[in-house]
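Here's a solo chain for you in structure tokens, the form predicted alone.
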């Protein structure tokens, strides 16, 4: 494969696609939702999840105040909601009423849980550190909301029932094709 070498990542889309998520927050009754593609699990024990947000964002301000956040995973069919919350300023409009975003009740925090999410995490902040132009906020997952019957017995998402929204950069979304799923046992393919 022919490669080009650059000294700057440019649009910085080389590591995409990534599952798009909607981060939610509630600080003293001020609720907001924002789209994120930079997020990741950090630890199993304790269960930790990290999100990357620019400190200039309204959501960052609210998370810093409330010390909690939600991570909502919505199906590809709700990509327009992801784009809507990602392209709007929560300090100016109420995204929940403006975009008719329905909520479920949280159980351990005050963060909004999106009714359309097939999975959502309620997180309490344990660390918030700025790296460059973004902050890496790590939260302990204190509650998990999961849609019934969309996960297989092994805990993996059933891609014949839910297509996750993938962000590939440049305001572009796609999803998965179940026909491309392969189980590749690391014991068989790995070397010891």
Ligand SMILES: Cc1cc2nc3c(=O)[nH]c(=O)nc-3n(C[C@H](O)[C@H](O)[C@H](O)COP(=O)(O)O)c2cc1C
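Numbering follows the first chain given and starts at 1. The structure displayed is predicted, hence computed values, not measured ones.
Just so you know, the form predicted in complex with this ligand exists too; it's not on screen, but the next bit is about it.
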item	value
Stretch in contact, per heavy atom within 4.5 angstroms of this ligand in the predicted complex, of 48-56, 63-71, 148-156, 120-128	48-56
Contact label in the predicted complex: residue 114 to this ligand, heavy atom within 4.5 Å	no
Proximity of residue 75 to this ligand in the predicted complex, heavy atoms at 4.5 Å	no
Touches this ligand in the predicted complex: residue 141 (any heavy atom, 4.5 Å)	no
Contact test in the predicted complex: residue 90 vs this ligand, heavy atoms, 4.5 Å	yes
Residues from 35-54 in contact with this ligand (non-hydrogen atom within 4.5 Å) in the predicted complex	35, 36, 37, 38, 52, 53, 54
